[in-house]
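Take a look at the structure tokens below, where one protein chain is shown in two forms, each on its own, as structure 1 and structure 2.
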Structure 1
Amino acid sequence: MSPPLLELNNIGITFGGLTALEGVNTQVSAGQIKAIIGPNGAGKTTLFNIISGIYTPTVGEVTLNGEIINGQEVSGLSPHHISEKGITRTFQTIRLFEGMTVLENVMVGQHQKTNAGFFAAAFRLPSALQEEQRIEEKAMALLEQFDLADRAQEVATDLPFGLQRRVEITRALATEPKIILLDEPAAGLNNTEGHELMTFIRKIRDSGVTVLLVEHDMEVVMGLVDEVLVLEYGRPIADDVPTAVQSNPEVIRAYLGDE
């Protein structure tokens, strides 16, 4: 059996004496779509911030392909270097570049893959122009792959909200990640947009990118993912397939309260 792509070992973090996460252990296998759910304040986004290198855990470690990338006993990699290793993410609030087209937004996502230096770019040397052409072609190929090519020349922030979300995710995919972290991708979407997003995320997985998402929309979660990690007050209370999580008494209590 192959080792997990991403592994969280005994992750915990405190802020000024307040425990935000404690004893979080989970694995994400290559090719999976996995969700992290829980009531408000459960620590879901904090966990994403640890995986992506924004926070260093007080205890525990994060490994990617068996390599420790963040943890108590190591000098955690910066978010930039973690991205280079193969983890990218989106945030709850859409962060597209205003005034730039869909194509230009996705091209920006490849900035860490460029080789041309400042001098070559500033003076428009042939090497820089060739690289810019390569980046544009790669971005256009991504837009075609994810059914956004017909919007390539439109201003990204003028698109309907659901399409803006898909553009943002496509820009993240331009970094060529092994795993993408999606923080509440269905937030603000209507029912139609939500179902389109589910199809979109499946296409991401089918393209070879593993998906880990935080999501409140249970229809999206239960209809999309392979496994679910449930947090309550920063502690894991379930980590299983969706059907088992739905019937778990601890999960029901966390969401609905005691009888």
Structure 2
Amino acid sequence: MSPPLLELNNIGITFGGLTALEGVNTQVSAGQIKAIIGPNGAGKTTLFNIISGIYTPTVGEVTLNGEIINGQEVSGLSPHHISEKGITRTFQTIRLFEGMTVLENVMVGQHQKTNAGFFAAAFRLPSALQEEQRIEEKAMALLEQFDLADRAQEVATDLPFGLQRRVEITRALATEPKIILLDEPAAGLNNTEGHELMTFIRKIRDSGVTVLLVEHDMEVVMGLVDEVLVLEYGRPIADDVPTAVQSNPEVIRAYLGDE
């Protein structure tokens, strides 16, 4: 059997003596949609920050296709290196680039796929112009694919909230990732937008990108994902298919309190 696409081995991290995560082990196979859930302060976003290389874990390591991409021994890697290797993400609070159009936002996602330097840009060398043309087409194609093409020239941060979410995800997809991390993609969306989002995420998976998401909206989680990892106080308490997690007494206790 081939190794899982993404593997977390005994991840732990402490901040100033406080343990935020401890003993987190999990695997994500290619083509899956997997969710991380848990009560407030369980360490879900911290885990995302580790996978995307923003934090280095105190113990343990993250591997992608069997290669260690984050951990104490490879601590020099910045998030942009990890993005290059094929992991990208979105954020809990949308971080679209201010003042840039939807198209330009998505074109930034193509950054690694291009290499025009400073001088090529300053003097509009033909190579740079061709490259611009290429990634503009590529970005437009992505926008078409995810029904955003008619918004391409609008300033991204002026769009309605639900669309901003989708632009942010499309931008991340423009990096051509193997795996995309979505941090609370449904937060702040109404029911219609929530359902649209579920369709959208399935579309992403069908296009060959593995999805790992943090989500509170249980309707989204249960209706969408293949597996759920449940964290409580930085420790995993369940890692299973949704129906099993839903009836897991530990999980119910974590959410609702003792019987």
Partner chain sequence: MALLTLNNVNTFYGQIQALKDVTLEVNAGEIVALVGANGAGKTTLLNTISGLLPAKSGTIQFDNQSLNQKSAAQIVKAGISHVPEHRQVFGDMTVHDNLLLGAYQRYRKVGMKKVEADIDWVYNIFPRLKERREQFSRTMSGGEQQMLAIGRGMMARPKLMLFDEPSLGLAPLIVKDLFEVISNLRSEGMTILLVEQNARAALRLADRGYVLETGSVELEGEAEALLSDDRVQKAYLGG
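Numbers follow structure 1, counted from its first residue as 1. Think of the rigid core as the biggest set of C-alphas that the two forms share within 1.5 Å after superposition. The shown structure was predicted, so the numbers you read here are calculated from the model rather than taken from an experiment.
Exercise. Among the two displayed forms of the chain, which is the form predicted in complex with its partner chain?
Worked result: Structure 2 is the one predicted in complex with its partner chain.
Exercise. Rigid core fitted, is the C-alpha displacement of S83 between the two structures 2 Å or more?
Worked result: Not so; S83 is displaced by less than 2 Å.
Exercise. Quick one: CA shift at E98 between the two structures, core fit, Å?
Worked result: Superposing on the rigid core gives a C-alpha shift of 3.2 Å for E98.
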